[in-house]
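Just the one chain here, laid out as C-alpha cells, in the form predicted alone.
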C-alpha cells in the first residue's frame, strides 16, 4: 500500500471502497465502481505515461528536463490528492458522456454494455455492435488495471485467475505450449506464426491462441447481429518477437470469412501505449489503431 499510495490518500480510498461495497447491487453501483477505478489510477504513485503500474520516478536518467518537471508535479499532486473532489469530477464527466450517448442513440433505443463477449445471450439480435478487442499480447491488460481490481475486491483469487479468463493472455504452462494448437483455420496468419515460432515457441502459442479465441468470439458476435446490421471493430497491430503482427488484417480476414463486408476503414493516430522498457524492442508500441466498419449482408451473412 505504501508503495503505490500516499497514506492519507489510501485512507480516503478505503472510505470510498467501503461505501461502494455496502451498496446493493444495481447499475448505479456498477457505474460508480467504474468511476472509482479511474480515481484509483488518478491518485496512485504509478507513472501515468506507462500503462502498467510502474513507480513514478522523476529522476530517471532517460527523462528530459521537461519530463522530470512533469513527474515532480504529478508526484506532488498525488501525495496531496483530494479523493472526494476527483471522484465527483469523474462521476460528473461520465454522467455527461452518458447524456451525450442518449442524445445520439435516442431515449427509446435499447443499448447493452457487456464486459465479456463470452457472456453474449444466444438470443440477442443487435443492429449495431461496437467493440475494441485485445491487441494480442501488446498490452498487459490485467496488470494495467491491477490496482483498481484489488481496491474493488474483484481479484479474490489473485490476478492470475483473472488473466486465465482473458483473450490475449501471456502466461501458459510448458505442457500447454508443447501440446500445440489446432491452427488449421489460421491460414491467413500462417507465415507470421511460422516466423515467430522459429524465434520463440511460447510467443507463437500466445499469438495463435489469441487468434483462435478471437475467431470464436467473432462467430458469437456475428450470430448476435441482425441481417443488415453493423459491427465496428477498433483494432491495432503490434510487434511479436520483432515480427509485425497484423492484427487488423487477421481480424478482418476472420470477419469476411464469416460473411461480413468491409464498408469503411479509418486510421487514427494515438498516443504511445507505454510498455516496460525492456520489452519495447521486442514488442514495440501501438502508434495507430484502425476502426473497421463491417456490415452483415441483409441475407444474413454466413448463411444465417
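Residue numbers count along the first chain shown, from 1. The structure presented is a predicted model; accordingly, all values stated were derived computationally and were not measured.
Below, we refer to the form predicted in complex with a small molecule, which is not included among the displayed structures.
Picking from 197-205, 146-154, 94-102, 116-124 the stretch near the small molecule in the predicted bound form, with a 4.5 Å limit on heavy atoms, gives 116-124. Not displayed here, the small molecule is approached by residue 134 to within 4.5 Å at the level of heavy atoms in the predicted bound form. In the predicted bound form, at least one heavy atom of residue 166 sits within 4.5 Å of the small molecule. In the predicted bound form, at least one heavy atom of residue 141 sits within 4.5 Å of the small molecule.
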